[in-house]
Structures are given as structure tokens and as C-alpha cells.
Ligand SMILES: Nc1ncnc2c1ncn2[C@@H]1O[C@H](COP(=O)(O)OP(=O)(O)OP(=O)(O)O)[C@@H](O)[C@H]1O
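Before any questions on binding or motion, here is one chain by itself as C-alpha cells, the form predicted on its own.
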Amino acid sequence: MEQNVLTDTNLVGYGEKYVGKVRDVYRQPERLILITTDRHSSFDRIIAHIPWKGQVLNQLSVWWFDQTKDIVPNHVIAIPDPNVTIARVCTPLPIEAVVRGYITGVTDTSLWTHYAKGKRDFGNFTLPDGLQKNQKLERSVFTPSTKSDTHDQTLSPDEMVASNIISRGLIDTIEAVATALYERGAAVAAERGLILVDTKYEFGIDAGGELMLIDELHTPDSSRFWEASSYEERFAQGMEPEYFDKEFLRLWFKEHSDPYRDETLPQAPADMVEELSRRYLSIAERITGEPFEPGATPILKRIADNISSYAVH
């Protein structure tokens, strides 16, 4: 393992371990130890390790949690290390709360894909004819989806209630909270010359029955950002906006392998890994207004030292 890349953890004495796509989670009775690694997931597998990505995701989420705690409580208890969040134990809700301010996307579940096929009525909102790809919507829209290990499904709030996935009162509350979070995020991003295009939120219920914002918030992994200064001109010319996402690395793997079927994938090009790392650092610095300060290496030893007081015996 390279000194500045955190691929995984194997800590003993910190509770039961669960491995997510990006985070290693150690569960204790009343708290979670969330360690954000540098794993980069696409095609339902790990395709690369991006230096400092874990630190960026963890610290940027913490920054946003602090900016939005007046809207909804969050799961953060403490931040003992740049890659670690000590969090409240919550029961996660079985939905992803997706809010979109622009009509865009290329996947099967994207708003633009459905719209281009003729769909106008999305259950809780209706879109007018004549919209173009990447256009700003008159108001942000709420497009929740189910959470699944195989394939997420976008359903309207009415469909979710009818399927007994969630109660009417809770989905209405989540829609109001998620919309407020998006509007706050979009306003802060705009001050930094960025457009918060769309984003997803995850919520849980804590031991006291209170709604909690969990997971991550307004990071490059959970959100789409565009460069604001060039958006209008590029949109008018039918060009794609300047973006900050990881699509270029996904495309490379699709061109050089069958990433869903090949047992072994080629190694990600070093220059692309470096570029993606640079993008993560750049957007974090622009949003927080603070220079990125890499944590001490080796990362794993630093983490073990910093969280030693949270061990369970």
C-alpha cells in the first residue's frame, strides 16, 4: 500500500466491521466509526484508488454538515482524524432523496433520458414541453429512488407510499428537508462560482425517533457540479457544461475493457488517477475557501493513533 493511499482498514477492537463501496464502518452499540478510504467505485466494483479522496470526502461532508445543521440534525459526533467520522447509530431509511435543479444525465434513470422519450408527468411534478438538455428548471424537483444492492428504482412519492416503502408523513418531511438542503447548497456553490446541478441525500432515524442526515453531503461523489462562469455561453451553443466529475475515468475503462464482465481490469493510468485526485482537491478548496492540508502519512497508522480512545474492550 502506498503511503498516501488508503485502500482498506483492518482494525481490531473497534466493533463489527462492515465494508461499503468507499467506507469501512465499525459498529458499536451507540456509535459508528466511519473511515472514508480512497477507493473509487464504478461498474459496481473498485476500479482505482485516488490519493486523498477519502480525506476530501470526509472533511468536505463535515464542512457541509456544519453549514446545514439549522435545517436538519446530522449524525456527526466527532472528527478525530481527517478520514474518520464518529457518528450516531441510526436506522437508515430505504430511499435516496435525489434533488435536481437542472435537466441532464445520460443513464437510464436520469431526468433527461425520461424527458427525451416523451415523459412529462413525474407524479409529484410535471415538466413543460420544449426543454433542452442541461437547462435550468423553473424550480428544483424531488426524484427519490429506492436503495438496492442491485438496481435503484426511481419512484414518485405516491408510488413509494402505495408500495409501503415509506409513510406519507415521512416522505413529505424528507422532500421538504431535501429541497431546503439543495437550495442552501446551490446558494453556497453559486457564491463560489459553481453550479450544484443535482445531488442525493440519505437519512436515518436515531434512537430517539428523530430524522437525521447521514452518510455524506454535497461531495463530488454524491453531487454533480458545473462551472458557473461558462455555463450560459456553452448552453446557448449546445455544448456540454464544464464539469468536475469522474466520467472521463469511467469512459477509459469502457474503452479498454468490459468492466461489468472482465474478471480482472487493467490498471487505471497514473495521469488519470492524478487528474481525478486534483479535481477532488480543487472543488473542496473552492467550496470551503481553505487550502487542502494532507494528513500525516502513513495514513493507517495515523488513523489507529487518532481513534485509539474509541476502542471497545
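Throughout, we count residues from 1 along the sequence that is shown. Just so we're clear, the structure is a prediction, and the values are computed from it rather than from any experiment.
Keep in mind that the form predicted in complex with the named molecule is not shown, yet the notes after this line are about it.
Novice: Which one of these stretches, 103-111, 232-240, 211-219, 121-129, sits within 4.5 Å of the named molecule in the predicted bound form when only heavy atoms are counted?
Specialist: Heavy-atom contact with the partner occurs in 211-219.
Novice: Of the options Leu34, Leu60, Ala48, Ile283, which one has a non-hydrogen atom that comes within 4.5 Å of the named molecule in the predicted bound form?
Specialist: After the contact test, the surviving option is Leu34.
Novice: Using a 4.5 Å heavy atom cut-off, which residue among Arg224, Arg184, Arg88, Lys133 comes into contact with the named molecule in the predicted bound form?
Specialist: It is Arg88 that has a heavy atom within 4.5 Å of the partner.
Novice: Answer with yes or no whether Lys17 is in contact with the named molecule in the predicted bound form, where contact means some heavy atom within 4.5 Å.
Specialist: Answer no; every heavy atom of Lys17 is more than 4.5 Å from the named molecule in the predicted bound form.
Novice: Taking 4.5 angstroms as the cut-off for heavy atoms, does Ala304 touch the named molecule in the predicted bound form?
Specialist: No, Ala304 sits far enough from the named molecule in the predicted bound form that none of its heavy atoms falls within 4.5 Å.
Novice: When the contact criterion is heavy atoms within 4.5 Å, does Leu300 count as touching the named molecule in the predicted bound form?
Specialist: Leu300: no contact with the named molecule in the predicted bound form.
Novice: Would you please decide whether Glu175 lies within 4.5 angstroms of the named molecule in the predicted bound form, comparing each non-hydrogen atom pair?
Specialist: Outside the cut-off, so no.
Novice: Residue by residue through 191-206, tell me which have a non-hydrogen atom within 4.5 angstroms of the named molecule in the predicted bound form.
Specialist: Heavy-atom contacts to the named molecule in the predicted bound form: only Glu202.
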